[in-house]
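Okay, so here's just one chain, in structure tokens, the form predicted on its own.
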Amino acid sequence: MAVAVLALIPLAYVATYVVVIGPVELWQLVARPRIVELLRNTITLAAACMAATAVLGVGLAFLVERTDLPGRRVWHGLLVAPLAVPAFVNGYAWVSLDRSVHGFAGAFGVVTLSYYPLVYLPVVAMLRRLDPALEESAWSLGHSRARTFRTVVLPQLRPALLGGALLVGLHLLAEFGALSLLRFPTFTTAIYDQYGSTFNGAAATAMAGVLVLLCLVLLLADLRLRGDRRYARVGRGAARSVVPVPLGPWRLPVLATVGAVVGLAVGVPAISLVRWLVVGTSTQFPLAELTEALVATVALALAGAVVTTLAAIPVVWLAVRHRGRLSTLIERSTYVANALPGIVVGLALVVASLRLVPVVYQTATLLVAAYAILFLPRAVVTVRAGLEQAPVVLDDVAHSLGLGPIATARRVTLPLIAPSLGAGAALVFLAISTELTATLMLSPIGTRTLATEFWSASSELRYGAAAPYALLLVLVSIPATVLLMRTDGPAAQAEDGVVPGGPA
């Protein structure tokens, strides 16, 4: 409940402001042609990118995990690599190389290339844990590989697929940096324009209210599609290796396709950064400023990742182990703020801190709280995917052997979901290291991060000066990306129902 209350502070801020505005003025602010245009842009881009990342993520995961694609381990690493390139850095790379990349087409391409790993990674993890006997049974009944994938494999991928697509949709609702660089107006870019140019809080808050409604639509759709199925199992079936599907004459086209995705998602940003580092007239390497921004970024990202992941554990535990309306409501409440721009979350925390806890205003504590509110869904989705596959019967066995609830969680459940905890923390670390607006609003005076310094230079079209900060952002993201790539190890033991040091 405490986590849910913290996550709902921005929603309370928006709701309170909407009530103060009143229904008449609110309708006048919302019922405008510009709002209709922004609504169409936001919904169209979100729907298109969610569909594209779902198809791309599932397709690439299947090629890497279930076919004889040459160099699958190498391709897996390269396909995860876009997570190390923030979306606004990707947008900067494309715009700085080709000014014609803008509008819907540019936003759709850049965002899809930046966010498809959010679907790809959980789907890969689930494919590695599926029992191949189920597919073999379908083949023995005369089902084709395509029908088996559609009727047997895809339904089992539902938690990972829906969770990843939900994260993509929520991120798109709140995305500012990349869409601003690509000149594609959405509710979020319009909210920043309102606050930044005219300081029209009423109009900006009204648009934030519309974003909340869109978020609720996404959450209800995800809840309806997810259903109440259980995906945990006990046994050694999933530990068997799967016979790869031979690509045959499709090998070269598939290799070309996967290579094209990697080239567009990773190659273009790399070329752009190298180009501006070498030929940029404003390029410089202020070591003191770079070191200060690097240390601040890593420290804040580590603190935020630990706090956010710890906050996600009780929420996920309730949602999976004690299903019900209250637990579902608590879990869903953690997603709402993720659809709001960072500037709205920042304003909400400024107001709340000044009225309730003035001592935390402009401290790192308030900034870490903002990170937890903004990126809690990343941890919740990832940890839930792991706990869904941790069999409840193992807890029962531990209890029958005399272990209490805390000891059972420590020795059985937490080791089972350890890979998911690491993946969730890594995802949050990546998000915090590239967060911009909440950091600008809430950070202690004098605090500078790589993202804020990069944005300051790139917004002034000093691409050369921005390049070193962008390069450091990528380098900082690499360890977390490598951690996300390591989805086996402890997970393999979890698939067998065996936990090191546990009584199960």
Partner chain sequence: MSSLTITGVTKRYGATVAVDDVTLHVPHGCFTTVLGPSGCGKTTLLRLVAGFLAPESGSIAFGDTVVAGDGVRPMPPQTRRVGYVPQEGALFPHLDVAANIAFGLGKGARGSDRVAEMLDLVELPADFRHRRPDELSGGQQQRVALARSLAPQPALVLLDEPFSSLDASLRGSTSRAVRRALEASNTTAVLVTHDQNEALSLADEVAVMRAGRLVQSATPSQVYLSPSDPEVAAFVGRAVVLPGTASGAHARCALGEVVLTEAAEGEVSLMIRPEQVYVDLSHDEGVRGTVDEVSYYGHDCAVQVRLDDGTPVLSRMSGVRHPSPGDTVHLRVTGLVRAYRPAAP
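By rigid core we mean the largest C-alpha set that fits within 1.5 Å across both forms. Positions refer to the first chain, counted from 1. Note that the structure is predicted; figures quoted are calculated from it, not measured.
FYI, the form predicted in complex with the partner chain isn't displayed, but the following is about it.
- Mapping the unseen interface onto this chain, residue 246 falls outside it, with no heavy atom inside 4.5 Å of the partner chain in the predicted bound form.
- When the partner chain is considered in the predicted bound form, residue 400 lines it closely, a heavy atom lying within 4.5 Å.
- Within 4.5 Å of some heavy atom of the partner chain in the predicted bound form lies at least one heavy atom of residue 396.
- When the partner chain is considered in the predicted bound form, residue 422 lies well away from it, no heavy atom lying within 4.5 Å.
- In summary, among the residues 411, 275, 323, 150, the only one with a non-hydrogen atom within 4.5 Å of the partner chain in the predicted bound form is 411.
- In summary, among the residues 315, 168, 385, 416, the only one with a non-hydrogen atom within 4.5 Å of the partner chain in the predicted bound form is 416.
- Of the candidate stretches 403 to 411, 266 to 274, 138 to 146, 113 to 121, only 403 to 411 contains residues with a heavy atom within 4.5 Å of the partner chain in the predicted bound form.
- After superposition on the rigid core, the Cα atom of residue 252 is displaced by less than 2 Å between the shown form and the other one.
- In this overlay on the rigid core, residue 408 has a C-alpha that sits 2 Å or more away from its partner position between the shown form and the other one.
- Comparing the forms between the shown form and the other one on their rigid core, the Cα displacement of residue 106 stays under 2 Å.
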